[in-house]
Ligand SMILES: Cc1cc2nc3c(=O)[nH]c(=O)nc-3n(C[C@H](O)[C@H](O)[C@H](O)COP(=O)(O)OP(=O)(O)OC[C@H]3O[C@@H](n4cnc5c(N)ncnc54)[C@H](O)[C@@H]3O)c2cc1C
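Here you get one chain, nothing else, as structure tokens; it is the form predicted on its own.
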Amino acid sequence: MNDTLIIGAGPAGLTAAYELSKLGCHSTILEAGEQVGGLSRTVNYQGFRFDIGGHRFFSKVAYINELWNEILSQDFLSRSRLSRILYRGHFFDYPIKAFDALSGLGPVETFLICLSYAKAKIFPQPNETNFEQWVSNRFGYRLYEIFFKTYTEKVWGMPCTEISADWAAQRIKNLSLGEALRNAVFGNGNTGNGEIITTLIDQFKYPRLGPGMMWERCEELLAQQGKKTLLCASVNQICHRNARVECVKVKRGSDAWDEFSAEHFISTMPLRNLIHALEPPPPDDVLKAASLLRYRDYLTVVLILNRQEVFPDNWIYIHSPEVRMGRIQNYKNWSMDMVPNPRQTSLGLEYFLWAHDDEWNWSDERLIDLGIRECVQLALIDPKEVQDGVVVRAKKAYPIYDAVYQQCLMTIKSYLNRFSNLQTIGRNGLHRYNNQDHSMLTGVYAARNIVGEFHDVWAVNTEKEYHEESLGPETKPNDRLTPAVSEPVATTKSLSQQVG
């Protein structure tokens, strides 16, 4: 029997296993896919590497930064960020800088935006329950309509009035025209009261061969310690009795099952899947709550171009409403080692869909043609430059914050709290739009809970503040962890030897 069975080999699950190893505990990971990393995996297509979305490595939590450096060592690069918005043929800085935005939109539009902003300040919407209200109160409705509405509705596939304000608070920098005017008087970043706003987003770390390199290395280090990661092992049943999980079952073929028992269980499965996999089934209200949780699906069309430079950005947000594309990644601008030939470029065109959409089931060739047409329409490429292409799909990529999700989570959480040996972690395990560091922190907490500490994994990333910003250069990280309790799984020397 295993000490701990972990469902899912994404950042949360692998971090839980890594931390358990440091604590002297044994674990086994079951991963439904063919490679580790979850949404942070790196796909390799004929030597061209690309992310499932872009994954920056930065954190306010000191221990998470230590883990990243510990696992990857010298293959962890420091990168400068450049990302912009493409709207009506013009590029605008992102995060939005008010002077840049207004100067790019022209005097008439600027005047209308200022009127809209003044109206929002004099007559704000009193109840910020949805995304549109939250953003309009801070930017004015007109600026919201230009820089937030179109892209956000592309990502989530629903009106902004149906998206919870919870999502906006942690994902959007609270920049206003008033702050821009203060910056003009006091200098950039000074709030006028002595506080300096600093940001973690201008510089970030990135693995030399993409984010998957981090998690593949983590899997290797665990394997050296005898901790297995079993791929293509999709959990179909979670059997429990007397408020304890006893085993999970993985189906092999039409009538064969593998059964895994353990003392403790950690799950990163989507909550909807987890609840419906429980045997015996939960009460009807819990099943209904799980069924109401929704997820946005995602696919990337990768174009390989015979062109050395296309644009300087790491990625570009596409706010132009005339195309379906939501965002473009330029992988060689994350790391030159993401492409095998420096004279070539690989672009990732990101489309946010539902799995029941027609486009989701289009052939790869048809999707590649769509990507080429839209890039040409945006005047980014010449179609003759395209040498090859490939498509990667990812289901349940983004947990949706709609009007009912909070009540559903309360019902599910209340039921799961009855189990004495089951913890859920990670983005989908908590139905929370976590960054990697948040997901990793839930894995660390879950591991330490198993050895007798008391951490609430549900409390991670609930702070009502912009997640990439902190006050003051000397501000201490938001780190509630105790110091590391044991040595790393592998020493720096052994890591260096593995790089080869």
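For every residue, the number given is its place in the sequence shown, counted from 1. Note that the structure is predicted; figures quoted are calculated from it, not measured.
Keep in mind the form predicted in complex with the ligand is missing from the figure; the text below concerns it.
Shown without its partner, this chain lists His455, Arg49, His55, Lys60 as candidates; in the model of the complex, only His55 has a non-hydrogen atom within 4.5 angstroms of the ligand.
When you look in the model of the complex, the only residue of Met213, Val310, Val302, Ala397 with a non-hydrogen atom within 4.5 Å of the ligand is Ala397. Across the options 364-372, 425-433, 88-96, 406-414, residues that bring heavy atoms within 4.5 Å of the ligand in the model of the complex belong to 425-433. In the model of the complex, the ligand lies within 4.5 Å of some heavy atom of Ser40. Although the partner is absent here, Ala16 sits far enough away that none of its heavy atoms falls within 4.5 Å of the ligand in the model of the complex. For Tyr295, no non-hydrogen atom is located within 4.5 Å of the ligand in the model of the complex, even though that partner is not displayed. In the model of the complex, at least one heavy atom of Ser234 sits within 4.5 Å of a heavy atom of the ligand. Residues are counted as partner-facing when one of their heavy atoms sits within 4.5 Å of the ligand in the model of the complex; in 9-32 these are Ala9, Gly10, Pro11, Ala12, Gly13, Leu30, Glu31, Ala32, in sequence order.
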